[in-house]
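First, one chain by itself in structure tokens, the form predicted on its own.
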């Protein structure tokens, strides 16, 4: 059954997710601070809103897809955000904000009669386009059951639990492993290339062997070996997610030494490459230290 949803945040992930909802027959009221970001969806029939408050005045359920916790908080609680008496009754946050922010927003919007649904996604831009995202949900079970057909449009839903922020913790666990796989694979493949093994051969072997991971199966073939560095996720956002993971671990009294090293590598990557760089460029730090570049075969620099 088609419904009308609000959608706030038409970025790298938000655009294909919103597009899939429209493909499934749903109507959208969309908003983004960048006017031109809304154009592709408006051209397909989506209604353009003037603010988050404007979206909230028109629909019962809003989906958010925003890059940072601060932006999510500002969108929801800023001057042009939510207010008493609006039509919206449920917010589904697809962003990665961390469990503490999710719990805080859940408590705040509850005072406005709004349910906060913690629903981060994983799978990258490719997964958003293909509808194969991992969709992690924490919130009331009744909302999960009601939204399940819609969530299946964008990926494979998982009910993590009712506690606010629990799905955020699941997302941070996932992204820490992804971040670690990226930097460890980069270091290992650069080492093998320095020894004289062709990078393409290494990736083929690893992906048949026990060392395969998302970096070797996706990032290296698609973005690193072709030197396109266009995977669609920024270095700054990866650092943000790893930092959120470590903050949550510290709040539990955990030190997690290996994860701390991963955080430090991503901090250095932000400093060296800039927060807007594609996160697959982290490999260039290892290449520079080794004096080579990874192509089909290593090339001395």
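Positions refer to the first chain, counted from 1. Note that this is a predicted model, so its numbers are computed, not measured.
In what follows, reference is made to the form predicted together with a small molecule, a form of this protein that is not presented.
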{"property": "Which of 101 to 109, 70 to 78, 194 to 202, 153 to 161 lines the interface with the small molecule in the model of the complex (heavy atom within 4.5 Å)", "result": "70 to 78"}
{"property": "Contact test, all of 178, 239 and 245, partner the small molecule in the model of the complex, heavy atom 4.5 Å", "result": "no"}
{"property": "Partner proximity in the model of the complex: residue 283 to the small molecule, non-hydrogen atom cutoff 4.5 Å", "result": "no"}
{"property": "4.5 Å heavy atom contact, residue 66 and the small molecule in the model of the complex", "result": "yes"}
{"property": "4.5 Å heavy atom contact, residue 124 and the small molecule in the model of the complex", "result": "yes"}
{"property": "Exercise: residue 291 in contact with the small molecule in the model of the complex, heavy atom 4.5 Å", "result": "no"}
{"property": "Residue (of 95, 169, 185, 138) lying close to the small molecule in the model of the complex, criterion heavy atoms within 4.5 Å", "result": "95"}
